[in-house]
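The chain below stands alone and is given in structure tokens; this is the form predicted on its own.
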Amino acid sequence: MRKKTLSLVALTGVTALGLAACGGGDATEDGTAGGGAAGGATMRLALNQTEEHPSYIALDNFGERLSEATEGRWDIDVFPNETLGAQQEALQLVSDGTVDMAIVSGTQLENLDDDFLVFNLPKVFDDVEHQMSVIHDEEIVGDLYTSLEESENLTVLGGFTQGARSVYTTFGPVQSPDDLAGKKLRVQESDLHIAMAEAMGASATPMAFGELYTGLQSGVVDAAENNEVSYWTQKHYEVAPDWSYTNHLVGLDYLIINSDLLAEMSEEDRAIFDEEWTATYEEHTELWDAATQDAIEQATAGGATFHEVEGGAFDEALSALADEFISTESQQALYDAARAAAE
């Protein structure tokens, strides 16, 4: 793996000197300066995960394959651990061209175009396979992914799954909304996630993710929801040992790129880039599945119990959120196309 340690301060300084502009000169050896269209570029990619995360591994491999396939004209340097800033900051840096690419959550893009809300809804995707087929279907997402080009200079290339999210608790298994009645469920700070928790029967309690372990341990919250990988890596199984497969939401991250840079690629190099990106999200899905299975095994060994939930126990209440939050014809069209792809 090619680990990068360039700081956001250093990157800003380089940019101020005019060395990091993608249109000027060949890439430097350390990857801090981009190249023009004729010579390609070493593209800087901002990521908020560690070097051990499936996203970093898949993206680092993306860069290696891209460099080899284009004979070094194009390469990708992945900067993990929020080295180039948190997601909101990285998004702005990609927009202005200081950073070339970034992984950002659906919530970040929803703030720029509310049509992205559709893919954040509970039950819009049945599972990871359904999700990946929808978010990489040009007929469904083509207009959505180019919708930020004119206003923000951003193009969405596709996405990585965050896996199916379920509920884990301090008090025992959950089989229906009745089991969550009166219980405090930690959620992300968004109107949609608050409504989701309430639809599941719980009392929504927004809380920073970094505070959740202590919150579960102290009883500030009784339950949380996430994927198995986070459940294991954050050691939440130690304080909330009962996992119930509500599978209420399939999470999603997007890969974005500066639109001007993408337009500078030759037709040949763009075809190679697209082919290698497809290989990248397919590899990530495989890595995510392996990481999920490992997390289940490790958490079980650590004392967690994984419970199946009778089919449909939460479906009706969660599906109703689409009617509540979808407010435009374009959102409805995206939702209908996503659901049709599951049939």
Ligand code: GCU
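Just so you know, these numbers come straight off a predicted model, no measurement behind them. Here the rigid core means the biggest group of C-alpha atoms that line up within 1.5 Å when the two forms are laid on top of each other. When you see a residue number, it is the position in the sequence shown, counting from 1.
Another form, the form predicted together with the named molecule, is not on view; read the next lines as being about it.
> Look up in the predicted complex whether F209 has a non-hydrogen atom within 4.5 angstroms of the named molecule, and give yes or no.
Output for F209 is yes: heavy atoms within 4.5 Å of the named molecule.
> May I ask you to state whether E110 is within 4.5 Å of the named molecule in the predicted complex, using heavy atom distances?
The answer is no: E110 has no heavy atom within 4.5 Å of the named molecule.
> Should S203 be classed as touching the named molecule in the predicted complex when contacts are defined as heavy atoms within 4.5 Å?
Outside the cut-off, so no.
> Decide whether N48 counts as a contact residue for the named molecule in the predicted complex under a heavy atom distance cut-off of 4.5 Å.
The answer is yes: N48 has a heavy atom within 4.5 Å of the named molecule.
> Are all three residues Q87, Q162 and N226 in contact with the named molecule in the predicted complex, where contact means a non-hydrogen atom within 4.5 Å?
Yes, because Q87, Q162 and N226 each have a heavy atom that approaches the named molecule to within 4.5 Å in the predicted complex.
> Name the single residue among T155, T170, N247, S105 that comes within 4.5 Å of the named molecule in the predicted complex, judging by heavy atoms.
Filtering the options by heavy-atom distance leaves S105.
> The named molecule isn't shown here, but in the predicted complex which of D253, D269, D179, E264 has a heavy atom within 4.5 Å of it?
The residue from D253, D269, D179, E264 that makes the contact is D253.
> Pick from 115-123, 185-193, 238-246, 138-146: which stretch has non-hydrogen atoms within 4.5 Å of the named molecule in the predicted complex?
Answer to the contact question: 185-193.
> Suppose contact means any heavy atom within 4.5 Å; which members of 311-334 contact the named molecule in the predicted complex?
Going through 311-334 in order - heavy atoms within 4.5 Å of the named molecule in the predicted complex - there are no hits.
> Does L154 move appreciably between this form and the one not shown, meaning a CA displacement of 2 Å or more on the superposed rigid core?
Comparing the forms between this form and the one not shown, which are aligned on their rigid core, L154 does not shift its C-alpha by 2 Å or more.
> So, does R73 move by 2 Å or more at the CA between this form and the one not shown, with the core held fixed?
It does not reach a 2 Å shift.
> Verify the C-alpha shift of Q92 between this form and the one not shown: is it 2 Å or more after superposing the core?
No, because once the rigid core is superposed, the C-alpha of Q92 moves less than 2 Å between this form and the one not shown.
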